[in-house]
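This document opens with one chain alone, in structure tokens, the form predicted on its own.
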Amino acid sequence: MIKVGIVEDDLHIREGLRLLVNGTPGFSCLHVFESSEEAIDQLPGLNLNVVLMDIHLPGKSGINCIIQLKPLCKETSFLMCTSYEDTESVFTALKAGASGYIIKNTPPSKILEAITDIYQGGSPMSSHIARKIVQSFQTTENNTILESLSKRENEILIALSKGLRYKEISDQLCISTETVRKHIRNIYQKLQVQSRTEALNKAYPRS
């Protein structure tokens, strides 16, 4: 039996989740809370397996709630169940100690799958939330790649992305064609590529 708790201030959502959990064999929800303050006061000692946590709550946010509860409920896993989909909220929740992140409009069967997954040690996430995280890492990596290039090298890389030839780049930047070639060799070396196409794909990956 997976023992589930719910921290949600919206009555309809809270009761809907409780009915879903209690109406499914192998799941039990005996404890629901309307606020972080209630959860912080009552959750420790209940030995729940999984807690569904909203972010936007009256008083303390769900994220701050997790920060306070995590040291007191070491055997409990927290699954964010919220309407917030921005990358900052996702990362802040995960850093606070949440083990998963799903959106409130997730189909009931998927919510139950997420609860089971997190109970078994997984880190369930709504598919588009996971995609946001991947894109965020890709953006960070891309920024690091571009920062490794000098200002002039970035200018030349942008010119290459526009399809300009060496002579056109040299005319545009008022430098010799040989200097353009030298910069391009340096770009290839820094990006560890062998061609214009490889350099552009690495520096400006398609999302």
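Residue numbers run from 1 along the displayed sequence. If you superpose the two forms and keep the largest set of C-alpha atoms that fall within 1.5 Å, you have the rigid core. In this text, all values refer to a predicted model and were calculated from it rather than measured experimentally.
Note that the form predicted in complex with the DNA isn't included here; everything after this is about it.
Can any non-hydrogen atom of Ser195 be found within 4.5 angstroms of the DNA in the predicted bound form? Although the DNA is absent here, Ser195 would touch it in the predicted bound form, with heavy atoms inside 4.5 Å.
Arg14: heavy atom within 4.5 Å of the DNA in the predicted bound form? Contact with the DNA, no.
Using 4.5 Å between non-hydrogen atoms, is Lys162 touching the DNA in the predicted bound form? Flag for Lys162 set to no.
Is Arg18 one of the residues lying within 4.5 Å of the DNA in the predicted bound form, judged by heavy atom distances? Heavy-atom contact with the DNA at 4.5 Å: absent for Arg18.
In the predicted bound form, which of the listed residues (His56, Lys70, His31, Lys182) lies with a heavy atom within 4.5 Å of the DNA? For this set of options, the contacting one is Lys182.
Among Asn47, Thr144, Gln42, Ser150, which has any heavy atom within 4.5 Å of the DNA in the predicted bound form? Spelling it out, the residue with a heavy atom inside the cut-off is Ser150.
Okay, which stretch from 47 to 55, 22 to 30, 61 to 69, 171 to 179 lines the DNA in the predicted bound form, with non-hydrogen atoms inside 4.5 Å? Careful reading of the contacts points to 171 to 179.
After a rigid core superposition, would you say the CA of Ile13 moves by 2 angstroms or more between this form and the one not shown, or not? Result for Ile13: no, shift under 2 Å.
Does Met53 count as moved between this form and the one not shown, where moved means a C-alpha shift of 2 angstroms or more after fitting the rigid core? Result for Met53: no, shift under 2 Å.
Core fit, then Gln192 C-alpha moves 2 Å or more between this form and the one not shown: Shift at Gln192: 2 Å or more after core fit.
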